[in-house]
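So this first bit is one chain, no partners, the form predicted on its own, shown in structure tokens.
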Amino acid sequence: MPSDSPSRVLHYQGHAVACRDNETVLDAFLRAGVNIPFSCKSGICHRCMVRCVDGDIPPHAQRKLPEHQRAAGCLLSCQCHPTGPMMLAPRSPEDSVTRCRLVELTRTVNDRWRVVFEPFSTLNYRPAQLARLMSAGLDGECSAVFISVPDDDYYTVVELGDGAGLPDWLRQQSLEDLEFCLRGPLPVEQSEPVTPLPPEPALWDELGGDAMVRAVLATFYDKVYADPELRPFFERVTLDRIIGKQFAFLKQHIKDEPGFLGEQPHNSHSWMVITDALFDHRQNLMLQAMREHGIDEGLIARWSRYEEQFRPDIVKYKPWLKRMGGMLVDTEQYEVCLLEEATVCDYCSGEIPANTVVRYHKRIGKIGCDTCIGVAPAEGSPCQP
């Protein structure tokens, strides 16, 4: 009878599954009751495609995928026989690339570019969803918004994002029969926040209690603050403060002990543009920290569920407004201020003389000069939007 191999543990959405000899990732997931879409089990339909965040990908698992998906770490779980431990994640909307044929390119009355096209395969989208357009060679990406209505409009229509100029591949003299690619559609904000998992107090004690959880978080945030991709999100937060906040957040959700006073993930991350790939990168650093402290793989999976559950509240492709009761509040605004005393710009450290009109960022509290923030209005008064 085949035996589970601890050397081939698969982490996926809060599950830890030990893969058996000669077993594919898909078969291991199905045996363990992991919910994963699949159909043909022969590598043709690609429904079981996942992304490898960490671990070695056997070449055969990517053989039937296009180059851009192989480069993103995608693999077919029905074709993958793991050779070691792997951290896997669901396929991201970023991994979906559709080839299209340009029909028309026009300038709108509000000075935007409208792109009318015909996709080579079905696009499932809604108006106002985001996408990224790129050349047939998968470069020159630009942001776009769907404005057509599926089933009602013969062609698909998008408008390039605010302030977006034409990329080089759309500046060709002849656009007839031009082919390009569309990445997405990218998800939009949920109408309701995530419903948290029920507490599991026993897990906290099995992990080792307060001391172990805090030690893991200290190791994890050391990695985060040394990481060039994640460090910018914590520019104005001290290491001790973020460790304390995350400790209180986890203790409240896992052990059901109140004490967390901060904002919930939707609001605290509302301004952060965090892709699935970046969220996976964050999860992988946490996995490394847990393993460095000798946490059991099963306990790692149970802990990970409490963080993975908030992915829909964190992953986004443009900033969201904060939800304050029944209101939506935009904190990514500048207020116009007339300075009474001289100061320095918080961005470039250049001198700002007294009686100068500047802009003050409402969320981060930084003052910027004309060069860093843009030209301030000619007339200023005490701070006003």
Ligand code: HEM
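Don't overthink the numbering: it's just position in the shown sequence, from 1. Worth saying up front: this structure is predicted, and the values here are computed from it rather than measured.
There is also a form predicted together with this ligand; it is not shown, and the following applies to it.
For the options 125, 180, 113, 310, the one in contact with this ligand in the predicted bound form, meaning a heavy atom within 4.5 Å, is 310. Contact with this ligand in the predicted bound form, judged by any heavy atom within 4.5 Å, is made by just one of 141, 189, 257, 263: 263. Residue heavy atoms within 4.5 Å of this ligand in the predicted bound form occur in exactly one stretch of 239 to 247, 102 to 110, 88 to 96, 146 to 154, and that stretch is 239 to 247. With a 4.5 Å cutoff on heavy atoms, residue 282 counts as touching this ligand in the predicted bound form. The shortest heavy atom separation between residue 288 and this ligand in the predicted bound form exceeds 4.5 Å. Shown alone here, residue 269 lies within 4.5 Å of this ligand in the predicted bound form, counting heavy atoms only. Taking the partner from the other structure, this ligand in the predicted bound form has no heavy atom within 4.5 Å of any heavy atom of residue 213. Residues of 209 to 238 lying near this ligand in the predicted bound form, listed in sequence order, are 230, 233, 234, 237, the criterion being any heavy atom within 4.5 Å.
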